[in-house]
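Here we start with a single chain on its own, the form predicted alone, put down as structure tokens.
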């Protein structure tokens, strides 16, 4: 029974060991890519099969249920996508590509354990496993003459990560001091009984403050633009999606321990949401590098997701889960095209997408749909995600927050549609044709179908997310 419940993680562990063995030889980068892709797809299939499984492992430190397995599907979809379209790793030296895939798998393993953790020490260890693996991925980018931006990015990523970890641990110490336990099933009722004690609110806020680092939300957002720009395209594609889904799972677990009628917590989250949306969207307007633009836009999307958390209600959390899954898929679709347009792994400027509709109609369609979806234009996933979040915020009486979010959505439409304009209405010049290949074309079409289905038939995932939140709150 234990092996069955832990089977997705076991597959990733075995895949990591296999890639480690492969890395001991020379000239095995292609084999490492194949092993990683197979591992990701198999673990994804097992996570889908395990949505109905339920149980606890390792002295009740991990819980396997609909909530944890749903987030594992999000994470493994991100891994599978990056492993498929990033298998060539154009900007990673061939001799270290197996190690790159090893760290990618280990980071995924940490995220998978993180979303199942219902005990603080286990949660912290899982978060650190994921963090250190991601820290190592950033500087693996190949150096270019006179430019070592990946080293600067890695240093900033590590330093901000250390600060975030310290803040989170300080908050955990408050929670443990108040409740006398590291288990969520003990923490939740104990915190509710002592919620009038200011240290309870401080503890939750400090933990959330540390977790905001992974979400790239204000004020823990400063690392995102430099890391997005400095890391390889494939690394950025992974960092942009999977860790955000995992940290959303953890944030909701902590918020389920809070008093839903508390105005202080809601007010702080509201300020963070407004600051994230405003800063992210305004800064994105001035960007020329598309990865840097997506970095600032991800800060804005962190603000949108927080709209669901501000409500402190299960329906709001479900809307946030819906939105974060849509964001993972939309980001994957965008980075698929970015990785393919980049000939040698260099960063892609928005102007480099000129005439993409004539150089590769399918690539232009994939990136165009992802931009429309990220902008929140119907009938795509981004529109329904924003609609659900704004609806929940309105039901909670947060009218001013809804107005601010709507204004920011309008700002975001401008820079997203700028990319579409360049692709379809600018001359390609002497820029080369972009070839997707059968596998990447199939992946792109699958992502497009998901983005459209989430926009026209959203109820299935939303109901599933709501059932997951209510089950884990029991």
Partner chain sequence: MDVFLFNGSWPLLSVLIFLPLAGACLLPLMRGARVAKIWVLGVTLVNAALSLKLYTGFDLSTAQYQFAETARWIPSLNICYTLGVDGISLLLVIMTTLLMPLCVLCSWNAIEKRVKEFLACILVMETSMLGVFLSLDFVLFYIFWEAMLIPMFLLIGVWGGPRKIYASVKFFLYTLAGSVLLPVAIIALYLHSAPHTFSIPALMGLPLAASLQKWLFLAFFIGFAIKVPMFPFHTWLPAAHVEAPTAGSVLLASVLLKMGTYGFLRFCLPITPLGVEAFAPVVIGLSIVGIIYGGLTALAQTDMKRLVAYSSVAHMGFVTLGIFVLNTNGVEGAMLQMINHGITTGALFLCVGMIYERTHSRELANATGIGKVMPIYVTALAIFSLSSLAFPGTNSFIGEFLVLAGAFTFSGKIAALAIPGVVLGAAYMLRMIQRIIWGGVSNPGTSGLKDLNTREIITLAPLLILVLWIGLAPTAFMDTFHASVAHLLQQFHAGLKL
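None of these values were measured; they are calculated from a predicted model. Positions refer to the first chain, counted from 1.
Below, we refer to the form predicted in complex with the partner chain, which is not included among the displayed structures.
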(Q) With a cut-off of 4.5 Å between heavy atoms, is residue 402 one of the residues that contacts the partner chain in the predicted bound form? (A) yes
Q.
So, residue 394 and the partner chain: in the predicted bound form, are they within 4.5 Å at any heavy atom pair?
A. yes
Q: Using a 4.5 Å heavy atom cut-off, state whether residue 195 contacts the partner chain in the predicted bound form.
A: no
Q. Does residue 379 reach the partner chain in the predicted bound form if we count a contact as any heavy atom within 4.5 Å?
A. yes
Q. 449, 49, 439, 410: which sits within 4.5 Å of the partner chain in the predicted bound form by any heavy atom?
A. 410
**Q.** Contact assignment for the partner chain in the predicted bound form, among 254, 325, 223, 388, heavy atom within 4.5 Å
**A.** 388
**Q.** Contact test, all of 406, 417 and 462, partner the partner chain in the predicted bound form, heavy atom 4.5 Å
**A.** yes
**Q.** Options 99-107, 379-387, 269-277, 73-81; stretch whose heavy atom lies within 4.5 Å of the partner chain in the predicted bound form
**A.** 379-387
